[in-house]
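In structure tokens, one chain follows: the form predicted alone.
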Amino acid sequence: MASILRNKEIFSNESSKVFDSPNRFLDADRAAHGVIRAGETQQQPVAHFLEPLAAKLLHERLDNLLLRGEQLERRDLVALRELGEPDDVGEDNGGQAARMLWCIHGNCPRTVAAWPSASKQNPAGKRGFPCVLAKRGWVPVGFPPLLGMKVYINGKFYSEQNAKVSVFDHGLLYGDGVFEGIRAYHGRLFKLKEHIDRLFCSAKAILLDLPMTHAELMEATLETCRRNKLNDGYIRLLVTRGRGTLGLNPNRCSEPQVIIIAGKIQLYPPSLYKKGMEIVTVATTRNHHNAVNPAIKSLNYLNNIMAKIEANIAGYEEAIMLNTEGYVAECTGDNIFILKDERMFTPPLSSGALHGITRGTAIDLLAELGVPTSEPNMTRYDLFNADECFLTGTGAEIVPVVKIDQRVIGNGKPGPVTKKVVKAYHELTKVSGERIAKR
């Protein structure tokens, strides 16, 4: 007992520093792991170590993982189990995360009894699960993020567990391939034709011959949604160069691999869409046109990932990337718009901005609202002095920005034009797009 109390004291002292840290989620992650490891070491339930601050830290971690669509690890689930049944937990003790998890995984047949009302089977114990907390009614294991998902690969559908590609595929070995991210709203695939058009343009740019026609790719994408009973969600369509050798030569690759995944995505917490996002400029420069052209939506996203890493280290969700001349290109996964003196501005495609489908939609909606959009070269100075700012992207949709590099944009709240664009966008998604259901 003395050891338990000592561990509780150490954890309390360390975790109290978390909320002064700019990298809050990373610290919450470390603190949560610390309390779980302490419980396992002492062969005691995690509840012995849970103080209100500890519960809050675990809530931060679990909530963040779920919003990002990442699979929870067993240690996360053990900790969540200790927070109690979903109906028994207050919002300040992780109730939201508990309910989110329960809605996703509560009826999973591969689940060990995670809650008192769950099944009494214990497959973890039968497999000799090493954790001392793997007892009947304690540990949930084998929670697939999307049970029953059907993945399209080259004309056939496979279960999530059996959806496989060769380890010699150049899409894996070298990021050699192209992709699209597509949204489903209200039983429709939004801007599907435009996404397939861009896929063909990207493939042509890297001399990748797509093995399917435009119409066939559209129908395969729709059928993947039907097989997964998806009316609202996110579809990832990708084409790899195919199986090859360990050398770079693409001519030694077999037929391109067409893969379609229909699931869910939420890039940012819902609160950011209401109060607005704070972003920062990072040092990683956008790809040069004569290197990997930014217009190509390729499987090699390392340029964006490096910028994203910088943003995360600084404690931000998103970051601005400049091109080699110092002009604003785009963000790590979104296009950027600013309003100044009742005119909208966004970086030109020649600056390194992706030909965003949502970007084009926003420009059209702004025109309908009577707000003209120009595409000049823009500097950070232009961003700092904007009246309003927002980001656009298929995954992100339209996100207000209220602060850039610690400079407050406008009055520090999402602006009226931004709100109108957001509303118009959501109204459009209700009536526009290819119907998923067969007529």
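From 1 onward, residues are counted along the sequence shown. Please read these numbers as outputs of a predicted model, since none were measured by experiment.
The same protein has a further form, the form predicted together with a small molecule, not shown here; the description that follows concerns it.
Using a 4.5 angstroms limit between non-hydrogen atoms, residue 166 is distant from the small molecule in the model of the complex. Looking at residue 171, you'd find every heavy atom of it more than 4.5 angstroms from the small molecule in the model of the complex. The small molecule is not shown here, and in the model of the complex it never comes within 4.5 Å of any heavy atom of residue 260. Using a 4.5 angstroms threshold between heavy atoms, residue 198 counts as touching the small molecule in the model of the complex.
Comment: the small molecule is not present in this chain, but in the model of the complex one of 344, 235, 222, 354 has a heavy atom within 4.5 Å of it, namely 354. A single residue from the set 308, 188, 286, 150 has any heavy atom within 4.5 angstroms of the small molecule in the model of the complex; that residue is 286. Site residues 331, 334 and 359 are all in contact with the small molecule in the model of the complex, judged by any heavy atom within 4.5 Å.
None of 243-251, 334-342, 156-164, 212-220 except one has non-hydrogen atoms within 4.5 angstroms of the small molecule in the model of the complex; the exception is 334-342.
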